[in-house]
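Next up: a single chain in structure tokens, the form predicted on its own.
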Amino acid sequence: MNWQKSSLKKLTTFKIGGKIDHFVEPRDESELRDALLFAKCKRKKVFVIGAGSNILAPDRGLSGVIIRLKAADFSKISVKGNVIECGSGVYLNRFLSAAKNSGLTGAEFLVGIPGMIGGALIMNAGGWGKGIGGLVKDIRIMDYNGRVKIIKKSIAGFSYRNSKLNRYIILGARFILKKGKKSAISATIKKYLDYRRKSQDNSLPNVGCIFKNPAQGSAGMFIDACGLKGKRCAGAVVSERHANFILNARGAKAKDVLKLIDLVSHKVKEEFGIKLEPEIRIWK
């Protein structure tokens, strides 16, 4: 197993975060267990990362053990009938392509989301009122003592942009989709992707939507109504295109993003009486 030093800036789409001394990409489950044992012996906190597309990492770095499940053993995918089985290191676009190529429908809403299966399950990623948890048959997990088991969907506790899976390490999952026509699947994917490209702002490093949508409507709509588009805190700025995006415009630090998150939250609460809840994972 190849332990490395690295930077959270290199591992996250926000391009923010300090140095880390213990970073590893296990080749298989045995090496993953070894990494967990190392962390336990050293009394280090374990952080599991995938694409790093939903994480705000601290400027000071982390003294814990950072594990990324990206190796081939965690990136397998297979289709049997209307069931897709894949590892936690499979990117969502690859999962969606496998579904489309097999004539399976139901996952089109995931198009354009830059994460991997593991992270998507933990946050129940999705769009248009749907989440990936709705497709799950079962999930293969490892606990932090190295024990592997398969858990049912009901135990995962899926809710809007959340789950109870962060107490486990996701190894993989099986998903149930429906048979469909490839032409119709492709058309739906194009429709969703066109909308994302027009409405979202990926011109600069970011982590997608910062806040969950409250029950009253779109978080971006309330932020925009407060006149906060373009609001800046040092290198971090609220997108002019999508008010629920914060961009790393000029060497932003985590502290800049956090200040902007606090400011936006305070303004929306003050103007509308709505408490916005972060959708992203804020590592400390």
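For every residue, the number given is its place in the sequence shown, counted from 1. The structure presented is a predicted model; accordingly, all values stated were derived computationally and were not measured.
The form predicted together with a small molecule is left out here; the points below concern that form.
Of the candidates L96, L104, I189, I169, I169 is the one whose heavy atoms come within 4.5 Å of the small molecule in the model of the complex; the others do not. Proximity to the small molecule in the model of the complex, defined as a heavy atom within 4.5 Å, singles out one entry of I185, I122, I139, L177, which is I122. Residues of just one listed stretch (227-235, 44-52, 23-31, 211-219) have heavy atoms within 4.5 Å of the small molecule in the model of the complex: 44-52.
The shortest heavy atom separation between N82 and the small molecule in the model of the complex exceeds 4.5 Å. Contact check for G133: no non-hydrogen atom falls within 4.5 Å of the small molecule in the model of the complex. Contact annotation: A252 falls outside 4.5 Å of the small molecule in the model of the complex, judged by heavy atom distances. The small molecule is not drawn, but in the model of the complex it has a heavy atom within 4.5 Å of G126.
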